[in-house]
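The data below hold one chain only, encoded as structure tokens and taken in the form predicted alone.
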Amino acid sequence: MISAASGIQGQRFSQPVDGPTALVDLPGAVRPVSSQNPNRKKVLFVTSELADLVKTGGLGDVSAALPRAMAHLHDVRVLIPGYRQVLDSDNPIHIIGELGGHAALPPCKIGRMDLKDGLVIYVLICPELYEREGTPYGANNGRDWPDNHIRFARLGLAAADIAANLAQIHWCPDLVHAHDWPAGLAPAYMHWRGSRTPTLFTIHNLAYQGVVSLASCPELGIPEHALQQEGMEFYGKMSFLKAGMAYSSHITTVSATYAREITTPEFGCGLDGFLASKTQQGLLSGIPNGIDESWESSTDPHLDHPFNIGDWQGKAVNASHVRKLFGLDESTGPLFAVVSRLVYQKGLDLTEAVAGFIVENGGQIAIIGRGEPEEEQAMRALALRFPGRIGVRIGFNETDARRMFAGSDFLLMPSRYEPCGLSQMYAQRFGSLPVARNTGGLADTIEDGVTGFLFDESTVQSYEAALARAFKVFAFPGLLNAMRCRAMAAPFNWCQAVEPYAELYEQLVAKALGKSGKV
């Protein structure tokens, strides 16, 4: 690791390119190497999280998995802010470029980090914006940083600078793929500059929009013509998320059902009309996420006892570990898991309301996660109400979470909305059957009565009806194990999910070059 202010340049190291590894001098030019794939594109992946380095949710997982899954098809490199967690990751960083400031956005440096598997990370080094204790978005007290509009506008502008080759890093993308509101100004700055490089914008959660005051326009260098209904204006304010949607070449979201839902008032968060218009123009589509190959119950080193399909005794060993970890009594009843951000969206109040029903019927609940203080306190209170039957751990630990998926019989996901969701896929891969709301990606990845249980209404009655079905299945081991087998065999790997993205990249670049290509 190097200090962000060290200014170290010209480091010599191996750099992966399109073909054999070449030893090059930085910041000297990289000689182009021919590729066997004539459709191979250079793609800049702009994100605020990467699971290898820093994450708060599913965006970090997707940002780590999708570029790797795409590596055999396209040259995908990641741009991420230089948070303290990134700089302290023990991965060497070499300064390869500098960017000037704009309006109130400060100058910054571009560092290059090469992960062991060859994934290239461009690190936006700006100590005054990113080197802080806390999460990517706020302090450890749960409050957002007041200058987030500056911090993430700087990220968007850096992406635009790289696309315009202003960073002089000897790699210029054919396409920029920006993710969620923190990267929303990347397509916008590119559009305002007249860039011809196509952009793809992916919505991971429409509810988080990056809304700021119109008074921030001068700080961010936003042109006056952007403050209109078809631009980034949002009910008298500005939305980073809307900017990404308004100025990108195409919009995706992370499941087909969610792509339809967000065009309705119930799920559209005030943008349903805007998104319905994009759908009518053929500019909005849904591509489901996948999960990486590490989610394999027979080989996962995190598990107390790896197990194969059909090895239910091995699954029981993990269940025993989870019960001990959460202070639960020994039991032959079903074990329910909650692995979730503790926020209103996840329907935790519904789980709180049905907890008595689960316990009365012989079930236990293990809960892990962190989030809103009110939700955290509600979960702690729930454990106090049912000692030995409900256990709670505030925080997150990858090993504990994986063992919970492996040891539980059922996963509780009563989300009010769920753009895609990854936990239900993780659970199924480890033989835990989701009990989930019939919405978004949950509807697309759970086969009701076959690999899990879906309920339609966000009510206690609807939820309890699905739980009653789960208890009935648990009483018949043959049926339970048949459902487990189907769930564990479900095709959720990124190898199935990556092709639609790869094709869309090629189509957008072809369209930008004026070639035939339908998006």
Ligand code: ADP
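Quick note: we count residues from 1 along the sequence shown, nothing fancier. Just so it is clear, the model here is predicted, and its values are computed rather than measured.
Here the subject shifts to the form predicted together with the named molecule, a form of this protein not shown in this document.
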Among 437, 154, 74, 346, which has at least one heavy atom within 4.5 Å of the named molecule in the model of the complex? 346
Check each of 55, 68, 41, 484 and return the one that places a heavy atom within 4.5 angstroms of the named molecule in the model of the complex. 55
Would residue 191 sit within 4.5 Å of the named molecule in the model of the complex, counting heavy atoms only? no
Heavy atom of residue 171 within 4.5 Å of the named molecule in the model of the complex: no
Does residue 111 make contact with the named molecule in the model of the complex, using a 4.5 Å heavy atom cut-off? no
Using a 4.5 Å heavy atom cut-off, state whether residue 341 contacts the named molecule in the model of the complex. yes
Among the candidate stretches 366 to 374, 232 to 240, 92 to 100, 138 to 146, which one is within 4.5 Å of the named molecule in the model of the complex when only heavy atoms are counted? 366 to 374
For the heavy atom contacts within 4.5 Å of the named molecule in the model of the complex, list the residues of 408 to 435 involved, in sequence order. 413, 418, 421, 422, 423, 426
